[in-house]
Ligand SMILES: Cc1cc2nc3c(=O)[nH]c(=O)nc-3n(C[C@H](O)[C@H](O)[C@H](O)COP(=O)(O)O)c2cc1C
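Okay, here we've got a single chain as structure tokens, the form predicted on its own, with questions on binding and movement later.
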Amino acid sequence: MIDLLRSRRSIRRYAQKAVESPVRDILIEALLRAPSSRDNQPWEFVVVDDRALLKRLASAKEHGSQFLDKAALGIVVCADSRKSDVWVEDCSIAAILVQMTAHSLGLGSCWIQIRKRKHSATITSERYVRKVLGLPAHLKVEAIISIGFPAEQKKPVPQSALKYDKVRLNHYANPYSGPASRKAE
């Protein structure tokens, strides 16, 4: 797993190649295996592979969603907030698990934040997505995960670029200096 984390990067450029059904089914399985608080499973997912819908969803936000129109899939991560007060966390867990699963299968992915974003000056991204997909009013939209075959190669972030100053050991006053292997660099 650590090798997947080390090499995974957000991919925003995709080759025009479909994700076949068996691979799509594995991605869906990963979503449904995601843990949730008290196993409430408040999440629901809309898997979009229709080119016209992907193009419409690509304009869900004012900025940062346009690349979705070139992706093979968009997975809209939603939840029934009446089922859990931690639906955002539950959705986030499912979303990152499907991204890691996609990466393990040679696919690229990128998180497109929808919750608390704007489609335009007068319409939220969530409302726009709800309308495009015909989502019921009780579902909240957390994000869309774009997935496809990468048309760009990104180098892994080197360990030396990790911000170890963001980590404390046992107490906030005790900064973590990083792994022992890093000291030898």
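Keep in mind it's a predicted model, so treat the numbers as computed, not measured. Residue positions are given as counts along the sequence shown, with the first one as 1.
Not pictured, yet referred to below: the form predicted in complex with this ligand.
Participant: So in the model of the complex, does Phe67 come within 4.5 Å of this ligand, heavy atom to heavy atom?
Facilitator: Within the cut-off, so yes.
Participant: Using a 4.5 angstroms cut-off on non-hydrogen atoms, would Ser10 count as touching this ligand in the model of the complex?
Facilitator: Judged by the heavy-atom cut-off of 4.5 Å, Ser10 is in contact with this ligand in the model of the complex.
Participant: Wondering, does Lys61 line up within 4.5 Å of this ligand in the model of the complex on heavy atoms?
Facilitator: Contact with this ligand, yes.
Participant: Could you confirm whether Gln113 comes within 4.5 Å of this ligand in the model of the complex, counting heavy atoms only?
Facilitator: Yes, Gln113 sits close enough to this ligand in the model of the complex that at least one of its heavy atoms falls within 4.5 Å.
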